[in-house]
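Below you will find one chain, with nothing else, as structure tokens; this is the form predicted alone, and questions on how it binds or moves follow later.
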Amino acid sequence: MIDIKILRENPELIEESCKRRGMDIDVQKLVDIEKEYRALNQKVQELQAERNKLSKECKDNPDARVQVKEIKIELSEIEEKATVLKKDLDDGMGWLPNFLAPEVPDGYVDEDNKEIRKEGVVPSFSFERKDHQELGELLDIIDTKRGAKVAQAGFYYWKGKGAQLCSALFFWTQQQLVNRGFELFMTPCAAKEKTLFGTGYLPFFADQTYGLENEDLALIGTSEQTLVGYHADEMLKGEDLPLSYTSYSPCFRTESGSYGKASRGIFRVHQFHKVEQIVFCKPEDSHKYHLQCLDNEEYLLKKLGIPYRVVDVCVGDLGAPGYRKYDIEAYFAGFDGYREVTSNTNLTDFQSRRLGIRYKDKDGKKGFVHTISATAVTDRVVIAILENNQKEDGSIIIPEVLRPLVGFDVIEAPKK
């Protein structure tokens, strides 16, 4: 949420931000609504003061009683109009995007993202490489057909040693983050509309949300929603910041992507699994913790032996709540290219204003916290392991750091 003082005092900043994002929002109309609403509120206060004054005279002054009745009628009309304006104002403010960091690259497609660096060695193969769908079927560790039978297309099963590999990755990742100062959570898999609005998923990503019929609930698209919502309407102690939280959860999104090579297999699906990083911090520290979360993501991929590149995400791919975002794109041998596996966004005070999450220092200084939301790992990282660590017979070499957890070094095709 944008500070309403900026709308009053410097609306051109908001207009510039919307224009850069390519969002067609009538900021001047919103300015006029806010001005009219503020004037009505002032009139209400004046009439209430006059009514209270006259009410004290009603006992001995018949004219005062008549005036009080007239004021009540006028107040009712004004308050009714103010209620409509307040809704229009709230709706309009809810659609305003966050401001953008000056460094955010311009552009509207993935190709406009700015590469910062590449890390790791891209694997070479002396045989025709397979993608994760082929490998999953060969090894009997991914089952999309039965996923579609039980649910629908876009749902799937990990099974056998594939499920063990996933479980090991998610558990190992949580251990690594706990060792780096994160507190571990297990969160609800559903959230109220207020929580989804507060975290910026509504109204901007309403088409990606699985709502529950006849309930003020939706399945979460990420544990960011429930972890950030955890402190809604709270005043945090400044001396306790930063607060760093992590959680593993299933995630549900209605959009499953386009057909073709890019969406083959389980790369873009309705349900996936993720370990998330969330940081609440003071405004002056958000850049620091944004980079720290990026460092955590890179550390994990390096330990797993997955080559990747870091990109500075362009305006059109950033998402309305974000101030600045870094994506990490891992190399996928079956795809023969780099594809997104993590996103790391500095949301500044956008979420905390919508959710009422503030902090107070010992000296009495108050403010809205800044939030960082960063992926640690998802199923996509497992896919990268499968594709990059494949052998000619389709077997998969397990990353060394995960072997103690899975109890084996290789996944081989079942014997017929």
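Residue positions are given as counts along the sequence shown, with the first one as 1. None of the values given here were measured: they were computed from a predicted structure. We call the rigid core whatever largest set of C-alpha positions still superposes within 1.5 Å between the two forms.
One more form of this protein exists, namely the form predicted in complex with the RNA; it is left out here, but the text below deals with it.
38, 45 and 358: each with a heavy atom within 4.5 Å of the RNA in the predicted bound form? Every residue of the spot touches the RNA in the predicted bound form.
Candidate stretches 168 to 176, 69 to 77, 300 to 308, 194 to 202 - the one whose heavy atoms come within 4.5 Å of the RNA in the predicted bound form: Among the listed stretches, the partner-contacting one is 69 to 77.
Should residue 31 be classed as touching the RNA in the predicted bound form when contacts are defined as heavy atoms within 4.5 Å? Looking in the predicted bound form, residue contacts with the RNA do not include residue 31, since no heavy atom lies within 4.5 Å.
Heavy atom to heavy atom, is residue 150 within 4.5 Å of the RNA in the predicted bound form? Residue 150: no, not in contact with the RNA in the predicted bound form.
In the predicted bound form, is there a heavy atom of the RNA that lies within 4.5 Å of any heavy atom of residue 391, even though the partner is absent here? No - in the predicted bound form, heavy atoms of residue 391 and the RNA never come within 4.5 Å of each other.
Taking any heavy atom pair closer than or equal to 4.5 Å as contact, tell me whether residue 235 reaches the RNA in the predicted bound form. Heavy-atom contact with the RNA at 4.5 Å: present for residue 235.
Given a superposition on the rigid core, I'd like a yes or no on whether residue 70 shifts its C-alpha by 2 Å or more between the shown form and the other one. Residue 70: C-alpha displaced by 2 Å or more between the shown form and the other one.
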